[in-house]
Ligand SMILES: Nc1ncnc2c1ncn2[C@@H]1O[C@H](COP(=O)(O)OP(=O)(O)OP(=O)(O)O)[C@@H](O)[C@H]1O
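Below sits a lone chain in structure tokens, taken as the form predicted alone.
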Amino acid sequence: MPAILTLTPNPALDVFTSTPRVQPEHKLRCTAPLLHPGGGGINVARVLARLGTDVLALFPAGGLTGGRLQALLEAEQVPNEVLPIAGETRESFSAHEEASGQDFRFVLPGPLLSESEWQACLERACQLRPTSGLVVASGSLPPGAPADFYARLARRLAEDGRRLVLDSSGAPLASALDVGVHLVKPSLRELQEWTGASLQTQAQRRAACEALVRSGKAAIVALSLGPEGALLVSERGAWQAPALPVPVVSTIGAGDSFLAGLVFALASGRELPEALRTALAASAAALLSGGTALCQPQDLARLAPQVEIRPLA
């Protein structure tokens, strides 16, 4: 059995290109595309594999795009298990505007999964028993999957003594929090949507995270704040870290790299402040590459000592 299992219910073949300027009605001349296997859990698995972790990426896939995605994973030597589906795996298209440095992301909904197909994902994720007890579920749900898919997974795993790490949004996130998860990694926008509050100050953000912990919805909350860094909260304390000033090639994949660094550190037995350090360094390292190239171990190791961890009283 792997040490860590990742589940990606709605994977994608990520296509990345750049163009001088994004303009309506014009033909936009683009650079040659970069292709990467994508989807939250798959990206986490890719980083964990680079860091030497025994990981297994579980995901449904079908059609020519699904085969191409799996081939790219194999080329990166990421252990994986594919659950065949009738539909065609989706593509996600991202364009980097050179004039502004902004990324424009176009995300398709994914193939419609039958009840038997999404049930197979749920059952297989519950059958596999990672030695660390950690199951990382990340990304959107495909059409056809119920909104409480992650909640069902959280309940089943908890009954068997395993821990769910979740990165999602909207109704799937809310329903899973009602059951309770081990670790949740919302962005500020996702936490704002869940709470219905603007959360403009650090005190408000910390209070929202602490409320999740006190209510039993999550044992650990890792709030990613983009250029402001991140906030980590548990019953053992709260820590904040500002983002590192690195040259940004692309912001795509930074959140997945953050989560991978955090999970890697926790599975390695590191304390929460050091886990936050690893996560921030991984996120910053991902900014150095185009497309969904994600972080590289040598960049993570170089940047980690530069991360400033601030305990909050």
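Just so we're clear, the structure is a prediction, and the values are computed from it rather than from any experiment. From 1 onward, residues are counted along the sequence shown.
The next section is about a form of this same protein that is not shown, the form predicted together with the ligand.
Report task. Examine Leu73 and determine whether its closest non-hydrogen atom to the ligand in the predicted bound form is within 4.5 angstroms. Result -> Leu73: no contact with the ligand in the predicted bound form.
Requested in this report: Could you confirm whether Pro273 comes within 4.5 Å of the ligand in the predicted bound form, counting heavy atoms only?
Outcome: The answer is no: Pro273 has no heavy atom within 4.5 Å of the ligand.
Report task. Look up in the predicted bound form whether Ala267 has a non-hydrogen atom within 4.5 angstroms of the ligand, and give yes or no. Result -> Ala267 lies outside the contact set for the ligand.
Query raised in the report: Heavy atom to heavy atom, is Leu287 within 4.5 Å of the ligand in the predicted bound form?
Result: Yes, contact at 4.5 Å.
Requested in this report: Consider the chain as shown here, without its partner, and state which of Thr89, Asn80, Ser94, Ser224 has a heavy atom within 4.5 Å of the ligand in the predicted bound form.
Outcome: Spelling it out, the residue with a heavy atom inside the cut-off is Ser224.
Query raised in the report: Which listed residue (Leu164, Ala230, Leu212, Cys121) meets the criterion of a heavy atom within 4.5 Å of the ligand in the predicted bound form?
Result: That would be Ala230.
Query - Stretch from 38 to 46, 52 to 60, 24 to 32, 252 to 260 whose residues place a heavy atom within 4.5 Å of the ligand in the predicted bound form - result: One stretch meets the cut-off, namely 252 to 260.
Query raised in the report: Three residues, Leu128, Leu153 and Lys217; all within 4.5 Å of the ligand in the predicted bound form via heavy atoms?
Result: Checking in the predicted bound form: none of Leu128, Leu153 and Lys217 is within 4.5 Å of the ligand.
Report task. Counting only non-hydrogen atoms and a 4.5 Å cut-off, give the residues of 179 to 193 close to the ligand in the predicted bound form. Result -> Contacting residues: Lys185, Ser187, Arg189, Glu190.
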